[in-house]
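Starting off, we have a lone chain in the form predicted alone, written out as structure tokens.
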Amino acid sequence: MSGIHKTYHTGSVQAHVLRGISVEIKKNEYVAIMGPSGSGKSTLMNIMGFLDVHDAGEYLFDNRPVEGYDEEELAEIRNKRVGFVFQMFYLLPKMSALDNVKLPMLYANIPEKEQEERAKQALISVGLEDRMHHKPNELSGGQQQRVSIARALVNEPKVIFADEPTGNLDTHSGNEVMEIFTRLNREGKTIIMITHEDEIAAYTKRKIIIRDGLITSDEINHSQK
């Protein structure tokens, strides 16, 4: 990213959220983006993850300007090359953990038998082999977040974006979730995480701090757990 700007317009009011962000994140990095509420960190992640678009500046993904991707290519990137984990889990309440994890594959034209196998493997990888047929209200918060991580993994993305993934969890569950992210990074996933908690950022290898839409600090995390 080079010189990324983003402004939101509400009536006659303009909110300049990003004011010229320049940053490079390489394959297999494990990055925490931190900053106070309203600093622009979630907007930055949404632009990185193709959920929002920038107003000015240049964003290269896999060395291609994002403007060069057509809608079909962008949809494929969102579905297969990046995965998302959010604070609120966003699981469908009437569906089992297994069926929630299958959802991204419905849009990827994957045969049903393969969907079942991949969803099971994803749940096993986050330690939920004995909870596959439970619905969200039958799972703890930490287990629900692990289901959402499995869902993010099921199409084998290269990059995982996590927005305050431990924000609704107790300390023990949050640490379990962070151990999963750390293992995934060791296995080759690039992980970009928004957090306001120093103890969560301590798991990552690099800390980027944003304030008022600008990067104020970008350093290697020497206190990594």
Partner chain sequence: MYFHILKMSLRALQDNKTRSVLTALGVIVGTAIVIIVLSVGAGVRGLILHQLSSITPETLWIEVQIPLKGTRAEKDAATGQAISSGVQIKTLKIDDLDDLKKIPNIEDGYAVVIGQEKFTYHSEEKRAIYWGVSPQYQKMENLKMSSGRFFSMKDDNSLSKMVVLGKDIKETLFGNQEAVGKKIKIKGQSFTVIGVAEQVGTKYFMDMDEMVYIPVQTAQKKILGQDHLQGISLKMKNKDLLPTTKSQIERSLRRNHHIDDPEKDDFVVRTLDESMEIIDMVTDAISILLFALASISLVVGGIGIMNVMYVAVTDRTQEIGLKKAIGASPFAIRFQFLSESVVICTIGGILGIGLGISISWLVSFIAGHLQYYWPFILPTSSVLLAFWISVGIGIVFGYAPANKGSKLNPIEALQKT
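Whichever C-alpha set is largest while still superposing within 1.5 Å between the two forms counts as the rigid core. Numbering follows the first chain given and starts at 1. All values derive from a computational prediction rather than experimental measurement.
Keep in mind that the form predicted together with its partner chain is not shown, yet the notes after this line are about it.
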Might Asn175 be said to contact its partner chain in the predicted bound form, defining contact as any heavy atom within 4.5 Å? no
Given that its partner chain is not shown alongside this chain, does Glu112 nevertheless sit within 4.5 Å of it in the predicted bound form, heavy atom to heavy atom? yes
Partner proximity in the predicted bound form: Asp130 to its partner chain, non-hydrogen atom cutoff 4.5 Å: no
Classify Thr190 as contacting or not contacting its partner chain in the predicted bound form by the rule of any non-hydrogen atom within 4.5 angstroms, answering yes or no. no
Would all three of Lys27, Asp62 and Tyr69 be in contact with its partner chain in the predicted bound form, where contact means some heavy atom lies within 4.5 Å? no
Residue within 4.5 Å of its partner chain in the predicted bound form by heavy atom, from Glu58, Glu197, Glu179, Asp52, is Asp52
Considering only 125-164, what residues come within 4.5 Å of its partner chain in the predicted bound form, judged by heavy atoms? Arg151
With a threshold of 2 Å on the C-alpha, tell me if Glu72 counts as moved between this form and the one not shown once the core is superposed. yes
